[in-house]
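Single chain ahead, by itself, as structure tokens, in the form predicted alone.
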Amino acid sequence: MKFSVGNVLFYWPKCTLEAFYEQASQSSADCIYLGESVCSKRREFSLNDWLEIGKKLQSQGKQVVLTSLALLEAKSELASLKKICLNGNFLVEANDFGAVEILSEAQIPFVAGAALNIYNQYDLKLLVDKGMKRWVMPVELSRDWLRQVLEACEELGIRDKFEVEVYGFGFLPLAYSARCFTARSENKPKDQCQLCCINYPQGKEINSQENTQLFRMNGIQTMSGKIQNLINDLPSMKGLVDIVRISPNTQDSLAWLTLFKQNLHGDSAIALQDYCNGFWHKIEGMATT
């Protein structure tokens, strides 16, 4: 089983990102995702900057994957998407079907991101035929569902044609909207948001009237209110999951990567509190197991 570090989903200052990826280069991660998947206005790094970071990480023995936006809303974003897909060096995580088509037409292998919402073996076969080499399972699905769909992939003769990656740690990306929730919460129009997301490096909490953590606002993205942490569920992934993703929410997230690797065989269960692990166990997502 391998471990990946997902792209930073939040809006962090350039200096923070630089420090994070310097640490990531020295980490035990097998694969590191780079780039922006939430909002095209977040431009602390240009594409050339990401490519330079990718080259440095690659020289440290990391597999580098460039990620793409999950929701495209302008022609300029489509032009940027084409540059990402045709970068000529790194694998690309496609988070919308526009990226899938660009990559497929260019006959470039790709990672199918969780934002594509692929739920069955027939969709997986379609993507395999288009060049998919890795599939990131939607975060709201369970281990039992994964087992069933992979058994169905065996029947279709495609199980050995792609890797499976799951979110093992981090706030879960649940939905996207054309509206910017963070800007709206500050009474700012989306087109004049003043990049207020940068004030919320872990997103903005949304609580119920009973003060229960429900969600986090992250620009146009709605996320889980609590972190999912499947460190004690690694043994249940054997034979099903090839890559476990650590989705960073702070600069200290890389410490969890070390803990995950140390507990790969489940030899020493870690006491967990205040995490939401229900989806993997086929119960309500907010449940702590």
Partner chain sequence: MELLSPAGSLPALRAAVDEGADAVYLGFKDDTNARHFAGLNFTDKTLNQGVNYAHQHQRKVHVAVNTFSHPTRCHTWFDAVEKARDIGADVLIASNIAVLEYAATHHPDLELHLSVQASATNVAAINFFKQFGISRAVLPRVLSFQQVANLAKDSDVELEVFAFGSLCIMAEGRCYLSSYMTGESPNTAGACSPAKYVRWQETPDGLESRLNNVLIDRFQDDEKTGYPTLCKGRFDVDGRVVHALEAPTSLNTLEILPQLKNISISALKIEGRQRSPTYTRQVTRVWRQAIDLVNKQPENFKVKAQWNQCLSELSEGSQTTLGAYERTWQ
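In this text the structure is predicted, and so the values were computed from the model without any measurement. Numbering follows the first chain given and starts at 1.
One more form of this protein should be noted, the form predicted in complex with its partner chain, which is absent from this view; the next part is about it.
No member of the trio D49, E52 and L91 reaches its partner chain in the predicted bound form with any non-hydrogen atom inside 4.5 Å. Using a 4.5 angstroms threshold between heavy atoms, Q209 counts as touching its partner chain in the predicted bound form. A residue is said to contact a partner when one of its heavy atoms sits within 4.5 Å of a partner heavy atom; A74 meets this definition for its partner chain in the predicted bound form. Taking the partner from elsewhere, A79 is found to have every heavy atom lying beyond 4.5 Å of its partner chain in the predicted bound form. Among residues of the shown chain, S224 is one whose heavy atoms approach its partner chain to within 4.5 Å in the predicted bound form.
Checking Q148, N199, S142, Q194 against its partner chain in the predicted bound form, a heavy atom within 4.5 Å turns up for just one residue: Q148. In the predicted bound form, the residues of 103-140 lying within 4.5 Å of its partner chain by at least one heavy atom are, in order, A114, A115, N117, I118, Y119, N120, Q121, Y122, D123, L126, L127, K130, P138, V139, E140.
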